[in-house]
Structure formats: structure tokens, C-alpha cells
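Before any questions on binding or motion, here is one chain by itself as C-alpha cells, the form predicted alone.
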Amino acid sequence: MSPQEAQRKSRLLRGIHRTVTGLHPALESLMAAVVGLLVGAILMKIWGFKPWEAYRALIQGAYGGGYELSNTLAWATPLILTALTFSMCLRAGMFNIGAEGQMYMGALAAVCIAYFVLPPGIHHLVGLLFAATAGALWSLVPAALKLLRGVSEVISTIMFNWIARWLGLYLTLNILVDPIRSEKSVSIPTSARLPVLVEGTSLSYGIFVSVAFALVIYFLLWHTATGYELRAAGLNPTAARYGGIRNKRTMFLSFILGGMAAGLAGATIMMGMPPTYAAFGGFPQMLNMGFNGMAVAMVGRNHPIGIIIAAIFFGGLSSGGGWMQILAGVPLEMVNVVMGAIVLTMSIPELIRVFPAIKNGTYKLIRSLRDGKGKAVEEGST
């Protein structure tokens, strides 16, 4: 690499690791987690609950044993993939809010494999490939609308979420309906269900699918020229275009990869977590998984490895929240308030880094506070 190319690369990617406090992103996230836990403790204390007992119950219910940890990882499995859906597009400068709909399409594709008779192993692979393809195809239309007609991907992907939801309901009740039980779709055959890792839990081999896909995305983003182009296009589109990077191609690729991740999320739920069918009303077991993935991506700093850690943390909140109610007597409404405070606090550093308006305002505030402190010191010394 020539010195000019190295300088251009440094200029394009400058600011990727810049944080609000100037600390390492991992340390900054840890500090944000501590602040979030303190905020949650204050809220519980104000309303008369015992925060330390509640947090002890939360940790016990999330990570207190093999059964609890298995449930935590089961919740984390689809969240890793839906977080990657949002993260991949955000890296390319796009806001893909359509993980929910793309996940529904992947789930429907997984249900369709019930009509095939294939041996185990091959049946698993076919189901995962069908789901990934369905999610990618569902993401093509919003991508094309954005790149060819300039339609906001935020609006189009949200609309496609609703289309996917009602299309899934129609197919469940009219096309994929179980001939014996009309309130549900046909079930995933045993030969296509992902094996359960821990008996009595929902943890299946889907966790390996999620982690493997995250590692593939990590290698793509940080160890290939295509990944460099994708990150550069999202960081500074004008400079990337000047450097010869085709922004439209990278944006299109991010949508395809994001759709594949969401489709696989639907497959890991449908093929690995009971019930292994779509019920009347669609997919209640997938409710808000796509939108929760956005929060996981923010907490994980839009980095595949960070997303894995953040998803396990979110899984712990989901599985341990019930224990807060049972052991500490914290009502569900307060549990949700505490969880929201923790997640919001941990998301703030990445929100500041990603959104220019918030970032510029924060840096101006920090500079004004720093300059004001310096002036106060000078006046005191005189």
C-alpha cells in the first residue's frame, strides 16, 4: 500500500474508534452499564423496592446456573442476528428498520420446509438456506427503492414490516394451515428441528448459527477489501466516492447481508424454539425481536463481537426479569422501567457517535464545560 493510499484509508476511517470520553469503547460501555444500574437502583428505591435484592435476583435468574444460562443464551440467539441486520446497514450509512419483517419471511420459509421429506442434517441446512434467502429477497425491494428512486429506507422498511406481518397471517390461515388444527400452521418436522443443547430449555444449535454468522460478518468487515469499502462508505460517503468506492454497491450488499441475518433469526426461532409452528395471530414468539435487535446493536457498538456480548446481556435481562418479580417482589411494570433505563443509558455513547447532531452538541457541551473550568481556574489564581 502506497503512503497516499494509507493516508486516504486513515482519513476515511478516522473517528471509528473515537468515543465521547476518549476511553476505549469497552471501558466506556462498562461505565455506561454501571450508570444504568445505578439509575435503575435509584428508581426502585424511590418507589419503595429493594434494588440490591432485585439485582441479585436478576443475576441469579440470568446466570445463576446451567438452566438459567441456557435460557439466557436462547433469548440471545435471535437477537444477535437481528442486531447484525441493523448494524450492517448502519455501517454502510443506511437505517434498516425492517428486521422484524425480514425475520417473519425467514420464519415462513422455515415453515415451508415442512412440505419436504429430507433426511436430518440436510433438512436443517435446507431450512436455514430457505430462511436466509427469503429474508434477503424481502430486503431487496426497500434497497431498490432507496438506490433507484431515493425512497427513505426508514419508511419503506417499516411499511414492509406490516406487509410481512399480515402476509404471514394470511399464509398461516389459508396456505400453510394445519389440516388437523386450523388455528395454526403445519409444524416443523422433527428432521428439520435444531437439536436442543440443554434438555428442558429452548437453547438449541441455533446459538452456533448466530455466533458463526457474526464471526463471518466480523471477518468480512475488518479483514476484506469489501468490508473496508462498506465501512468507508458509511463513515464518509463523499470521501469514499472520491476514493473510487461504489457506494450503491456497498449499500445494496449491506441490505442483502442484513436480510440474510434476519431470515436466519426467524429460522432459529421457528426451528429451534417451541412452538415450532406459526399460530393464529402470526408469530407471537418473535414479537419485537427485530426492534430489540436495534438496541442490542447500539449497546454492542455496532461491532459483531460487541453484539454477541450485548445480546447475552439482553438475554439475561429477559430471562432474569421474571426472577425480579418472584424473588424481590418487583412488579412487571417497574421491571420494564428499570430495564429501559439500563438499556437507554448503555445506548447513549453509541447514539452520540452515530448521530451527528447529538455528537456535535455533546462535543460542544464538553468543550464549553472545559473552557469554563479553565477560565474559573485562571480567575481563581489571579
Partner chain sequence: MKKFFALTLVLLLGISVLGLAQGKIAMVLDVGGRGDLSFNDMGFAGADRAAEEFGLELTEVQSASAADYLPNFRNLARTGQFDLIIGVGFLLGDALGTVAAEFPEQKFAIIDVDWIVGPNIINFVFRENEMSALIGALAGMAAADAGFAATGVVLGIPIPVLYHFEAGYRFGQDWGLKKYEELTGNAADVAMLYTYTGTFDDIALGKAASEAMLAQGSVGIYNVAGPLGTGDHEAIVEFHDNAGTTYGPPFYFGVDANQDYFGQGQHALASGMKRVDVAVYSAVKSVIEGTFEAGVTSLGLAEGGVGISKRADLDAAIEFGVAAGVVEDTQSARNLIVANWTSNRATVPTWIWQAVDELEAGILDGSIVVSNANNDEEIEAVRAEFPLD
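Superpose the two forms; the largest set of C-alphas matching within 1.5 Å is the rigid core. Residue numbers count along the first chain shown, from 1. In this text, all values refer to a predicted model and were calculated from it rather than measured experimentally.
Not pictured, yet referred to below: the form predicted together with its partner chain.
When contacts are defined as a non-hydrogen atom within 4.5 Å, none of 37, 53 and 216 contacts its partner chain in the model of the complex. Comment: 267-275 is the region of 267-275, 102-110, 125-133, 299-307 lying near its partner chain in the model of the complex, near meaning a non-hydrogen atom within 4.5 Å. Within this chain, residue 60 is remote from the site of its partner chain in the model of the complex, having no heavy atom within 4.5 Å. Within this chain, residue 202 lines the site of its partner chain in the model of the complex, having a heavy atom no more than 4.5 Å away.
At a distance threshold of 4.5 angstroms between non-hydrogen atoms, residue 182 is in contact with its partner chain in the model of the complex.
In the model of the complex, no heavy atom of residue 119 sits within 4.5 Å of its partner chain.
The partner is not shown here, but in the model of the complex the stretch 323-339 reaches within 4.5 angstroms of its partner chain through a heavy atom at 323, 325, 326, 332, 333. Core-superposed comparison between this form and the one not shown: the CA of residue 331 exceeds or equals a 2 Å shift.
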